[in-house]
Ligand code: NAD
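The form predicted alone is given below as one chain in structure tokens.
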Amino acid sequence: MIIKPKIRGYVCITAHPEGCAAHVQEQIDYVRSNGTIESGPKNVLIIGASTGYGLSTRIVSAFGCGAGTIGVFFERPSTKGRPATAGWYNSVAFERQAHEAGLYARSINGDAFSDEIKEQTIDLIKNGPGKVDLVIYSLASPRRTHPKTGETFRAVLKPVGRSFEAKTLDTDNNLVSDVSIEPASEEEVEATKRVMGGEDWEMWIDALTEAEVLVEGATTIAYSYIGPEVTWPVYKNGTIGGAKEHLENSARKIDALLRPKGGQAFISVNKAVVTQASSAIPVVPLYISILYKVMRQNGTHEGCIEQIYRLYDEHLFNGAEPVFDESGRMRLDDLEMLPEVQEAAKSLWVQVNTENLDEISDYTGYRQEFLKLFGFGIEGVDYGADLDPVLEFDD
């Protein structure tokens, strides 16, 4: 099969196995080139490990710290001649590289919201690498079936209280246009909290604690985002923002549970990057295109792998003392939110339109990063090759 990118809306419905492997290799090479991270974790559980920040965390843990990793995700293998999802190919490539390096790496594919997957994970920890000292929560899902009630909740990307109008980017047609989004209902607000809030994170830590598979002094971190004011009506002050506030409340509850044994829980607010999740949020792709232009010009741009390496190297390990903001969050978005960066982004936001999009923003870079998520546009990969889309995990 010759696999080409097929894009529908904010997602590419095909993925290239060799391209995904090359993208994973790029991140591994970056970590190795920056050196070993001293006093890093020994065994890491990443919930949401197959793409974006979760995948980069798994790579930094393994190849920067020599840690054993367990990755939990929900991806589709190749079926009926169709390519697998990018997350499936990423995870197969990661495991093969980790095993070649002599590192423990196992993956669990299934609904991370379910009790069944939690039980499978606990069994794997007990029979595998030993107790876990770091748990990363990096799930992004549009819906969640509650494991106790069986009720399914669906998240929405909407403002709260009033409608919202702003510029947005139609990535299908490369057009800057205006978007108007009606406010969410109370039911939609609550449903988004149930999907994207901290309830499932709490359930994971409760289950791991009860099963006694966390070391004393274990740390758990959930990844989040705040963003600039231009996105707040649909993000920070919208339905997602309500879910993120719930996530922060969960962090405080989990921290209170872990503190007596020397552990901790907190939120890491990361930089805006191109991910499958961020591509789905109105306004955000246009903002990211402008942000990339500004940060690349001033030499402060970071992708997922650079962010997570810096999190480990400068904030968590190597003798570093974590620094938190007034709300107890670690701020890895510090370079994005520098006043000079935000002022430059605001100035370009006012000016941008369809005609000057490529000049004013780094939309070219945005598109390149988007395609790389699915294994396309990577140097050295033969995209004309006829290949087998079926890849399986090694036993």
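A residue's number is simply how far along the shown sequence it sits, counting from 1. Computed from a prediction, not measured in an experiment: that's the story for all the values here.
Unshown form predicted in complex with nicotinamide-adenine-dinucleotide; subsequent notes refer to it.
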So, in the predicted complex, is residue 171 in contact with nicotinamide-adenine-dinucleotide at a 4.5 angstroms heavy atom limit? no
Tell me, yes or no, whether residue 74 is in contact with nicotinamide-adenine-dinucleotide in the predicted complex, where a contact means a heavy atom of each within 4.5 Å. yes
At the 4.5 Å heavy atom threshold, is residue 244 in contact with nicotinamide-adenine-dinucleotide in the predicted complex? yes
With the partner left out here, check for me: in the predicted complex, does some heavy atom of residue 139 sit within 4.5 Å of nicotinamide-adenine-dinucleotide? yes
Identify whether nicotinamide-adenine-dinucleotide in the predicted complex is within 4.5 Å of every residue in the set 49, 53 and 272, based on non-hydrogen atoms. yes
Mind telling me which stretch in 125 to 133, 105 to 113, 212 to 220, 294 to 302 gets its heavy atoms within 4.5 Å of nicotinamide-adenine-dinucleotide in the predicted complex? 105 to 113
Residue (of 250, 231, 239, 224) lying close to nicotinamide-adenine-dinucleotide in the predicted complex, criterion heavy atoms within 4.5 Å: 224
Sort through 98, 265, 196, 86 and report the residue having a heavy atom within 4.5 Å of nicotinamide-adenine-dinucleotide in the predicted complex. 196
Judged by heavy atom distances of 4.5 Å or less, which residues of 274 to 297 approach nicotinamide-adenine-dinucleotide in the predicted complex? 275, 276, 277, 278
